[in-house]
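One chain follows as structure tokens, the form predicted on its own.
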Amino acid sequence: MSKIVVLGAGISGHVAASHLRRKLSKEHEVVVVSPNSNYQWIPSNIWVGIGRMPSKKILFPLAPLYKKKGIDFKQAKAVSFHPEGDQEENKPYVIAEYVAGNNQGTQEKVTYDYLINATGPKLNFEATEGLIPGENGTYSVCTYTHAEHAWKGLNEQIELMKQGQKVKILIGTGHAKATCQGAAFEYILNVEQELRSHKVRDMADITWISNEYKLGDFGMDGMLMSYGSITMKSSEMVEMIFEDRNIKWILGAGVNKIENGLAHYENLDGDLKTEAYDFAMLIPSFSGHGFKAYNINNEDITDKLFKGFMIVDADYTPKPYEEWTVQDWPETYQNPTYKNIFAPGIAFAPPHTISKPRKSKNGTEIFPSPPRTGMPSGITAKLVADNIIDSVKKGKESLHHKGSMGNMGAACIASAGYGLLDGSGISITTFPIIPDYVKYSETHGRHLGKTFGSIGLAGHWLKLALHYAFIYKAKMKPFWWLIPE
């Protein structure tokens, strides 16, 4: 009998646990340890943040579903890792601290045969002084509760606009090395559309602020894409969209301090500037959770497991950006020291940035960190689960399933508006996620036939369809596994 412990119940953790439970017989244990009581479909937080979808439509409680499916659930947070066990416990384990119920505050040793670290990122708001969701006029859409607060703040500004008051709206990244530009991009389009629906668009000055060097970088160094019968850069596409919607932009901006109504930032020229706002939604930086790890003698071995995020089968050798290659990226998401530990999705440490690193004249690094959200999180979680399933069934290590982000595609749909007839979708499909400048040397590292963009109602419909499809899938309803990651 094997016991597989999954830390986290976001996209990666939930996908892994679902496939493990479906494919392994009941003699094997699947345990999920997560501080969150609900599963949430994060991409739809955008609609919560504009008041078009109640949060109850994007989430559901985990405990009843896991009980029904035969998955043990502990509402607890991981505290430390003990991959060799200790003098008292000869099996590897993690220390988990319960965050709810009668056991709240107590700790437990959770032993395992296989461990999947799917804890995702820490939303590192404190890395930017004054960037606190719901305070200083700044908001977030990273969680459904954040998104609810964002709608409350935005709605207050809409009411002021209806009374004839002009407002300034600022949306983008809130740290010099923040990622998730795609979420901020979708939110700014939805906010702009929402103001139109309330007939107050002319009362708002909307500005995009980002650590990107060019529009449409998205932490992936931008892309060359097919757009209908022509070829264009993602920067040209986003510029066209912003100009059409009268959205201004500030690029190469490392936001470093927030005061009420003022965002302080440094640009690549080394200038220290401020941007005033009445409402701001700024994505924070992501970081690891600061976990500690110990060996059997209780000696600190954190550096064998973590490099901020978890160390996996990537090439972390320090080298200049120009010498990094697509082959540096992991394929199995297995820790090289402890072979029964895996980290899919955002939990793994990327070997390097995808966008070109840039520093201001003051030496401040200002560029996007690599994204690992959405499709890559689900795909890497499934392949990790499949390798564990094969290993359990064969009785020996099997790493047949592989998937580097260097040979993996991703689709991003930024929908603006809500409803069947009111809205537009900006769809961007990229292959591969990590540009391969050797294989696709003539097309900026990507396969042009598989990297394309489109704008229109069809993309908006697809975004709505995906919302319902993935909620269905997450609830593990009949034939859920037929819906791809």
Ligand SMILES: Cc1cc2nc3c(=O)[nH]c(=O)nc-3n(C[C@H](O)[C@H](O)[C@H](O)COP(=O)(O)OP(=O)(O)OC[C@H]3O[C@@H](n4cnc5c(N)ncnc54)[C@H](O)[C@@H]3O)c2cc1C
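Numbers follow the displayed sequence, beginning with 1. Bear in mind that the values here come from a model prediction, so they are computed numbers and not experimental data.
The same protein also exists as the form predicted together with the ligand; that form is not shown, yet it is the one meant from here on.
The contact residue chosen from I206, L399, C412, I250 relative to the ligand in the predicted complex is C412, the criterion being a non-hydrogen atom within 4.5 angstroms. Between the ligand and the residues L65, I42, V31, M53, the one pair within 4.5 Å by heavy atoms in the predicted complex involves I42. Mapping the unseen interface onto this chain, E186 counts among the residues with a heavy atom inside 4.5 Å of the ligand in the predicted complex.
Of the heavy atoms in C142, some are within 4.5 Å of the ligand in the predicted complex. Using a 4.5 angstroms threshold between heavy atoms, K77 counts as touching the ligand in the predicted complex. Although the partner is absent here, G417 lies well away from the ligand in the predicted complex, with no heavy atom inside 4.5 Å. Residues of just one listed stretch (165-173, 134-142, 270-278, 323-331) have heavy atoms within 4.5 Å of the ligand in the predicted complex: 134-142. Although the ligand is not shown here, in the predicted complex the stretch 448-483 places heavy atoms of just one residue, K463, within 4.5 Å of it.
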